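A single chain comes next, written as structure tokens; it is the form predicted on its own.
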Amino acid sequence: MTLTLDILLSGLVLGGMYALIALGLTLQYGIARIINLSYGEFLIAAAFGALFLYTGMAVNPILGMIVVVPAAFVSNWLLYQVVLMPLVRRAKNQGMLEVDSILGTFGVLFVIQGVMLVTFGGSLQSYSYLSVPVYILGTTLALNRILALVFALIIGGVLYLFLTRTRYGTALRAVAVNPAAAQLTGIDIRAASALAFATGGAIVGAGGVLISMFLTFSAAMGVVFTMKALIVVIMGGIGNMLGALIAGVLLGISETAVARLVDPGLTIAVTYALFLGVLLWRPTGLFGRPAR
């Protein structure tokens, strides 16, 4: 019973992080229609930012988000305006835009990764922040993991309220559903896409700070988080926030169970096994709608 509860709680924390990261990618792809392969590099860059602020300036990671998250928002907005906007303008259709964005962000991936390798080196990095045990129903969980999950829930809740209770959020959802119809109502599609892309970058920046509090990371790990975010988005159904949440939690619990009960080296295998299973069973994702 204790082992089961330990796996469940640890899996919820990890799954909550996956879900938070996937929400940002859902915004970028669901609204801006950009497949951003450099997505995970911004997460690792945010983690290094938190590390620098904590070890170099004694700023705790939670306060550090006040700096890191706006920086992630601005950098992603600039990436969209400078690198991706020319691709959007010349794309004749959605398929061409997806191919061009994959190639463009693939190059950005190596630029960001190279800068981080030169600046921080290629070794694994971590820092100790609130690594104190907390006892919950007979099992132990580190306080930094609990704090990360709480802030992930808060950020996810704020994003949900933003998308459902504000005019800007309504405009973004309209663009996601039907860009052509949204443009007819006076919505600036390019401005909405830039806002969605930058907001997705801010979310992954927050995720990078939270993950850095309890996981080791290196400059070359960004692609791992990009792939897991893509898997969660596709498993949940592209553009579906609830689907991303459930798929992220499912993935986190599955990885934790395999790591604790079988072998930690098999976590990637179970990730792709789940992914393939969902694709075979429901090609449009757990909550995706079949195309008509």
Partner chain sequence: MSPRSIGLAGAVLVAVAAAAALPLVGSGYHLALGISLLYFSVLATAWALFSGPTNLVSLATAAFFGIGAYTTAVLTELLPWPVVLAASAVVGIVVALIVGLSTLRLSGMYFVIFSFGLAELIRQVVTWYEVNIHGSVGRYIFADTTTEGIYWRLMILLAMALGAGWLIRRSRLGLAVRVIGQDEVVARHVGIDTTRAKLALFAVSAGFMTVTGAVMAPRWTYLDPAIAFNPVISFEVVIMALFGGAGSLFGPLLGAVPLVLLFDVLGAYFPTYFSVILGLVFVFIVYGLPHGVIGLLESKVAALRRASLETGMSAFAERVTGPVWSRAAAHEPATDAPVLELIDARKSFGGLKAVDGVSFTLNRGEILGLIGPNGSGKTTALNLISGAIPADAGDIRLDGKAIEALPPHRIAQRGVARTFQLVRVLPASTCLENVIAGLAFHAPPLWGEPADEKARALIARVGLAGREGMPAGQLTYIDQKRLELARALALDPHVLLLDEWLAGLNPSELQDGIALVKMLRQEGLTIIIVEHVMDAIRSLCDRCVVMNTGRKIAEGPPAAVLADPEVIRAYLGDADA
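Only a predicted model underlies this, so the values are computations on that prediction, with no experimental measurement involved. Residue numbers count along the first chain shown, from 1.
Keep in mind the form predicted in complex with the partner chain is missing from the figure; the text below concerns it.
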item	value
Listed range touching the partner chain, judged in the predicted bound form by heavy atoms within 4.5 Å, from 148 to 156, 82 to 90, 197 to 205, 128 to 136	82 to 90
Option touching the partner chain, based on a heavy atom within 4.5 Å in the predicted bound form, out of Leu51, Ile246, Ile234, Val69	Ile234
Residue (of Ala257, Met227, Ile62, Leu242) lying close to the partner chain in the predicted bound form, criterion heavy atoms within 4.5 Å	Met227
Triple contact flag Gly104, Val118 and Leu279 to the partner chain in the predicted bound form, non-hydrogen atom at 4.5 angstroms	yes
Contact of Gly114 with the partner chain in the predicted bound form (heavy atom, 4.5 Å)	yes
Contact label in the predicted bound form: Val108 to the partner chain, heavy atom within 4.5 Å	yes
is_contact(Ala269, the partner chain) in the predicted bound form, heavy atom dist at most 4.5 Å	yes
4.5 Å heavy atom contact, Tyr29 and the partner chain in the predicted bound form	yes
Contacts with the partner chain in the predicted bound form, stretch 236 to 255 (heavy atom within 4.5 Å)	Ile238
